[in-house]
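Here you get one chain, nothing else, as structure tokens; it is the form predicted alone.
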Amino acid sequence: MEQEIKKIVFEKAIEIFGQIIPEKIIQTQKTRGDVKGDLTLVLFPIVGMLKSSPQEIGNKIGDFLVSNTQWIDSYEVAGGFLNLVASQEYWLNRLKEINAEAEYGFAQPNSKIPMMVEYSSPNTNKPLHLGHLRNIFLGHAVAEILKANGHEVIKTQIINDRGIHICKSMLAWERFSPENDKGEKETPSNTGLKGDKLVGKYYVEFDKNFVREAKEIIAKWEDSEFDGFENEVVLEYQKLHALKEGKDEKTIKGLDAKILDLAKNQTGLLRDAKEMLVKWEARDPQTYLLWNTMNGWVYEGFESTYKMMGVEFDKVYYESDTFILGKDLVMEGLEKDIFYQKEDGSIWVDLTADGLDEKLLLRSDGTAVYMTQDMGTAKDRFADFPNLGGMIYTVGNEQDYHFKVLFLILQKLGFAWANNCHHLSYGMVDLPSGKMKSREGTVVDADDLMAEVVQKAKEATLDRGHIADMSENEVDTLCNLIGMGGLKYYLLKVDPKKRMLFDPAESIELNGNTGPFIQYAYARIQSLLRKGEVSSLSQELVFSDVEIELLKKLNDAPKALEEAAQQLAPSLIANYLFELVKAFNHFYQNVTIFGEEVEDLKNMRLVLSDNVGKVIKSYFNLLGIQVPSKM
């Protein structure tokens, strides 16, 4: 209706106003909820041009539309706004159009430019956790929403399988893993522990010993034992220690943290981890074998977690491959004087003229940093998919600066496609207890959390009853749908840019803005459809206000999908569905279906319900959420 109204007013301007008006000043908006109308025309731009009153301009447009179209029934001018009321015929035709579309609101597949969406991209030194869940569900949903809007989409991840953090887990396993009676160190097969959890255990173990060794060094410094430490380090410690004199508790705590970091850099454990990284980059056989073995454990663990999540990838990249491409780019940039080298051999880029800072690209020992591999990965992806119209990185907002730097470096290297790279920045997920820390072992494990919400869903379902006719397998399937649906919806309903607090119990509530609330509406609709069949809509139908309100919500589905793609915000889909279900519940409570004596009205209400269910199912699927036929 919006586009048709604009077209008529523009093309018939001479007939309506006696002169041509520019198309750009014809503006529409959604009618406010407290006034009658289905679409509002903003009169101010036209009034300003024609030097007439809003009432006169509004009446001219309104009268013309009522007289010359079959789908505007009446109008009202309120201030500078023309509120248009659609006719019964318009709503009947809209319901028929909606009913005829199997994937209502979806664009023609592959009708728009290809896009790549990166999400997950875990490190192979720890299992996936709650923070990963928001990332993965967000990236997967964005990919599906773009696909529904007509884009060809390549879902990808970069496995961060190299670097000092990986070497920390490897070194800790070598040093601290106990041996069984067969002389074997711990493995997934002899412990029964998932591979990603076993490797993560040793990442935490490294940090425990790392801190312990650092505190032993600090104890020596406090006793004035400085043998074996460089003079610069000793002077820095003495300066920080002296600054504590007479300071408040908060300041002292901050200085102690700096002293701890200083001591950590002097530990033998960190030195050995760095040496291991150098050996790995030099392809030392023993180091490479250990790396392959432990990464293999992690990949098996990740795969089972992804299966539980219901997500997948079209293409996987590995940092162990792309960092080499990145190092080549760094050397290329150095030759072109885009980058520069310091006396210690490290290579940097100076972005101060662009309002940023100087950024390290290669360490003095020749090893790569995150920026190095991200440069190589970006180049590799556009080489693999030269027709890409854009690349979306789903990464938390603590990396906002990193991506500003990355995209700017790629632009300076002359890659035109760098302008089509976008960082989908999202807020962190907090727990009631505070921020999660992987190396301290205070994260919420993704496997454990998914199992917990499914178990809570099962307990709630058993308490409510209504499942006596289901087998045990059917109950388990239902509870998995409810638990995982609740979890995904809870993490996706919040605007990606906002930080959020996670409450697993609230996620599976049957009332309120939750996944199970929407799933229940779908199950109710399926129950209705099992009781009665739908047939063709009569031409003589008259809709009640409550039926039109539900139709208006259905009518909004394509716009919600389009805006979700434009803003890369699955929350717009989630909250649209919540509003749709509220409208359906209001409809369900205020009309009778099987008690209706007029067959055409009963059929129309079933068709309406069927299409609400259709939208719930197809749009929930974009969020990776399935719907049950019984609940």
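For clarity, a rigid core is taken as the largest C-alpha set superposing within 1.5 Å between two forms. Only a predicted model underlies this, so the values are computations on that prediction, with no experimental measurement involved. Position 1 is the first residue in the sequence shown; the rest follow in order.
There is also a form predicted together with the RNA; it is not shown, and the following applies to it.
> Between Asn585, Asn59, Asn68, Ser53, only one gets a heavy atom within 4.5 angstroms of the RNA in the model of the complex; which residue is that?
Checked against the cut-off, the match is Asn585.
> Just one of Ile593, Leu580, Leu568, Ile26 has a heavy atom within 4.5 Å of the RNA in the model of the complex. Which one?
Partner contact (heavy atom, 4.5 Å) among the options: Ile593.
> Please determine whether Tyr340 contacts the RNA in the model of the complex, using a 4.5 Å cut-off between heavy atoms.
The answer is no: Tyr340 has no heavy atom within 4.5 Å of the RNA.
> Within a 4.5 Å heavy atom cut-off, is Thr187 in contact with the RNA in the model of the complex?
Taking the distances in the model of the complex, the answer for Thr187 is no, it never comes within 4.5 Å of the RNA.
> Contact between Arg530 and the RNA in the model of the complex at 4.5 Å, heavy atoms?
Judged by the heavy-atom cut-off of 4.5 Å, Arg530 is in contact with the RNA in the model of the complex.
> With a cut-off of 4.5 Å between heavy atoms, is Ile5 one of the residues that contacts the RNA in the model of the complex?
No, Ile5 is distant from the partner.
> Taking the partner as it appears in the model of the complex, which of 368-376, 174-182, 382-390, 112-120 has residues with heavy atoms within 4.5 Å of the RNA?
Going through the listed ranges, the match is 368-376.
> Using the arrangement in the model of the complex, list in sequence order the residues of 603-631 with any heavy atom within 4.5 angstroms of the RNA.
The stretch 603-631, when checked against the RNA in the model of the complex, contributes Ser629, Lys630, Met631 at the 4.5 Å heavy-atom cut-off.
> Tell me, please, whether between the shown form and the other one the C-alpha of Ile25 is shifted by 2 Å or more, with the rigid core used for superposition.
Yes, the C-alpha position differs by at least 2 Å between the shown form and the other one.
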